[in-house]
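First comes one chain, alone, set out as structure tokens in the form predicted on its own.
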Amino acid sequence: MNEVVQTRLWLAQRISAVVLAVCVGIHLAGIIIAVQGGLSAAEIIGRVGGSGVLAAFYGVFVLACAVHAPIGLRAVLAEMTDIKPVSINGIASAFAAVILLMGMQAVLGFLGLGGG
């Protein structure tokens, strides 16, 4: 793989790591505050489910995961296996698609649009 692509992947992973760090911090703070207030997960969803702001926040969280994790998986597979690069890229892309689809399904469910 050429240096430009490698550099872009490196940069995408670092930027997504920063986004993830912020999202995880906000998510954990929200959980801690809610649980200390005595709320269960069902009560939390009942109170904030349907919030467009929170859905947007978790949408960004999902996008950052869908960028970050597959790039790391790709690097591990390239370093630790004899799998051909084209197959590694396919595996990483499929992994990104699964994260994106499942994550966005959860976000849509949070908005009440998940159908299940």
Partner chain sequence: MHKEHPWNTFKEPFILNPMPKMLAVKIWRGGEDGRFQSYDVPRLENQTVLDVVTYVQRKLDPGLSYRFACRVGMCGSCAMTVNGTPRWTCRTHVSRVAEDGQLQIAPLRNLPVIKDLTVDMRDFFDKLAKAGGAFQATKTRTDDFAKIPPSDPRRHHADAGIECIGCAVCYAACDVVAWKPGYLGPAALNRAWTLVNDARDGMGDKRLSMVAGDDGCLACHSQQGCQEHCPMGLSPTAAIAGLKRAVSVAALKSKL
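Owing to the predicted nature of the structure, the values given are computational and were not obtained by experimental measurement. Positions refer to the first chain, counted from 1.
Missing here is the form predicted together with its partner chain; even so, the following discussion is about that form.
Residues 40, 43 and 48 are none of them found to lie within 4.5 Å of its partner chain in the predicted bound form, as judged by heavy atom distances.
This chain is displayed without its partner chain, yet in the predicted bound form the stretch 8 to 16 from 91 to 99, 8 to 16, 104 to 112, 21 to 29 comes within 4.5 Å of it by heavy atoms. Only one of the listed residues (34, 63, 69, 78) places a non-hydrogen atom within 4.5 angstroms of its partner chain in the predicted bound form, and that residue is 78.
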